[in-house]
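Only one chain is shown below, in structure tokens, and it's the form predicted alone.
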């Protein structure tokens, strides 16, 4: 059974111009399709500006989409009421752990707020239980966000995300700004809670090593398109799309005696105002062919559970 199913999702934003200017739109993302199963972690990676965070907000109904469908828990979500009901069983962890917490509220009040909004009681025992769940003492309920370290603030963010017993947590850069040792603690906590609570995660990050460590599957996004989706181990061992190959090749190796093959991506990511026609990666792809400039590639299943948006990708990872 699928928990989240997204089909052909797109977001176009109108651009303002002069009175005599032709109407134009800015395409943030398009043709986004993927699934997420109960108890699964999907890592969403890609360069800044690829549309990852905007997509996450769209999945929760916080940003209206232009077309496409979202099914959550076997129910189509399209109206405000649909998404409001969905948000009762989903949660989002924001990138800046401290900035996402109101400085005027105590930690106890911040944890109680989602319960109050959705009409549930928020006894002190519930707040203490949530703090204990993430490894914080009960007296943290009286503290304010500015009194917390980055790791403590992230733990509060985890507790706030879980207070409504969600089925899905969307985590945007959950380890950003944290020391390496603290990153490990947060990842171990999230992994433990996933097992204990049967959670599903959608984790958005630039940190490939972190995503590799915690994800069951990887989705790679470039300029508003998903260009590859597949099991984590297979994707890192044999990436299929040239963009995925470049990203993974740039990941540092723990052994300084080993060097990655130089597959660095050439050039800058294009502006959304000047999105390439057909294949969005054509301007930076070392394997570009004439068809890449005329025919948009589709996201196709090239081998079991492995999808790629490239005319020439092969199951072996080679390009013809």
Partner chain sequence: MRWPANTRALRALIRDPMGLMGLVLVTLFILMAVAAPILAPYDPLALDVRAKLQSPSLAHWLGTDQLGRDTLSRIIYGARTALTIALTAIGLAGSIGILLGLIAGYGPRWLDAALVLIFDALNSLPMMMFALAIITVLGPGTGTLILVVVLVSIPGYARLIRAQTLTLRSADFIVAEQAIGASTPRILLMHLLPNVFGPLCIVLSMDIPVVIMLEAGLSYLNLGVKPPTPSWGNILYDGYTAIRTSSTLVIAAGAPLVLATLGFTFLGEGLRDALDPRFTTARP
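Model, not experiment: these values are computed from the prediction. Numbering follows the first chain given and starts at 1.
Just so it is clear, the following notes concern the form predicted in complex with its partner chain, a form of the same protein that is not shown.
From the list 62, 272, 288, 278, which entry has a heavy atom within 4.5 Å of its partner chain in the predicted bound form?
That would be 62.
Considering 78, 102, 165, 75, which brings a non-hydrogen atom within 4.5 Å of its partner chain in the predicted bound form?
Residue within 4.5 Å of the partner: 102.
In terms of non-hydrogen atoms within 4.5 angstroms, which of the given stretches 67-75, 223-231, 93-101, 121-129 touches its partner chain in the predicted bound form?
Selected range: 93-101.
Would you say all of 174, 217 and 306 touch its partner chain in the predicted bound form, counting a heavy atom within 4.5 Å as a touch?
No residue of the spot touches its partner chain in the predicted bound form.
Using a 4.5 Å heavy atom cut-off, state whether residue 154 contacts its partner chain in the predicted bound form.
Answer no; every heavy atom of residue 154 is more than 4.5 Å from its partner chain in the predicted bound form.
Does any heavy atom of residue 117 come within 4.5 Å of a heavy atom of its partner chain in the predicted bound form?
Yes, residue 117 is a contact residue.
Heavy atom of residue 133 within 4.5 Å of its partner chain in the predicted bound form
Residue 133: no, not in contact with its partner chain in the predicted bound form.
Taking the shortest heavy atom distance, is residue 82 within 4.5 Å of its partner chain in the predicted bound form?
Heavy-atom contact with its partner chain at 4.5 Å: absent for residue 82.
Heavy atom within 4.5 Å of its partner chain in the predicted bound form - qualifying residues of 138-165:
If the 4.5 Å heavy-atom criterion is applied to its partner chain in the predicted bound form, 138-165 yields 142, 143, 144, 146, 147, 148, 149, 160.
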